[in-house]
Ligand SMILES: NC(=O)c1ccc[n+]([C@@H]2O[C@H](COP(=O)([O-])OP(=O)(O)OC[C@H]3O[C@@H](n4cnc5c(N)ncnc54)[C@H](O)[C@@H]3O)[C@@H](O)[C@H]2O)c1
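Just the one chain here, the form predicted on its own, laid out as structure tokens.
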């Protein structure tokens, strides 16, 4: 038995794949041998990431613009992947957003945006990809949830609602897809200093708070006493996308340094 994860000959789609955890995940998938379509709202960044994959590893990479809240763009993304690779074996749905707004101050527009990007986006992308995976009788879908999709946080009420939706949707789709030998799981990161956290800390500053003090206070609550890294999260996406996870479905896997234990 090989002790190295190999995705040679597999074709993957990564939403939000041009930056942050999405880019790091794309790199790992390509390093493991997968061809990768990078889908992102920033098309130029997606093209740069795709070019980097092809320069570093003997894989095919493609790029397209995709706003996951727009059905037509999601369908175009799937079509682009089929044109580039012929089939989709792996979906890593990582596109998402967050913000930190006091519950009594959050606007209806911000609530709707968080639900659209995180929950509706997961719905549209999973549905579109599953339609082309089912005829193949196999596939791996891994969604990005959050520790906020396991436990509600008073600092992020709308985001918690959206990510609970992603976790529940993952469980439901896993049951739907199981007869077709398609595994559907999600990853629940803890505190990862990405662009999302940059925006959260900016929100803290705009509200008159101390961003560094807020960051350190959050880190102090982690049992392993360090934030999670993009690589920590990307490795779990890689694992759940691989044959090593053939008997896992409907799971919401924590990568939180012990902060969330359920």
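Residue numbers count along the first chain shown, from 1. Treat the numbers as computed from the prediction; the structure is a model and nothing was measured.
If you look for the form predicted in complex with the ligand, you will not find it shown, but the lines that follow are about it.
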In the predicted bound form, does residue 196 have a heavy atom within 4.5 Å of the ligand?
yes
With a cut-off of 4.5 Å between heavy atoms, is residue 18 one of the residues that contacts the ligand in the predicted bound form?
yes
I'd like to know if residue 139 sits close to the ligand in the predicted bound form, meaning any non-hydrogen atom pair within 4.5 angstroms.
no
Give a yes or no for residue 94: in the predicted bound form, does one of its heavy atoms lie within 4.5 Å of a heavy atom belonging to the ligand?
yes
Just to be sure I understand the contacts: of 76, 134, 117, 106, which is the one whose heavy atoms reach within 4.5 angstroms of the ligand in the predicted bound form?
117
The listed residue (144, 124, 88, 158) that reaches within 4.5 Å of the ligand in the predicted bound form by any heavy atom is 144
Tell me which of 51 to 59, 64 to 72, 29 to 37, 201 to 209 has residues with heavy atoms within 4.5 angstroms of the ligand in the predicted bound form?
64 to 72
Could you list the residues in 27 to 46 that come within 4.5 Å of the ligand in the predicted bound form, counting only heavy atoms and keeping sequence order?
40, 41, 42
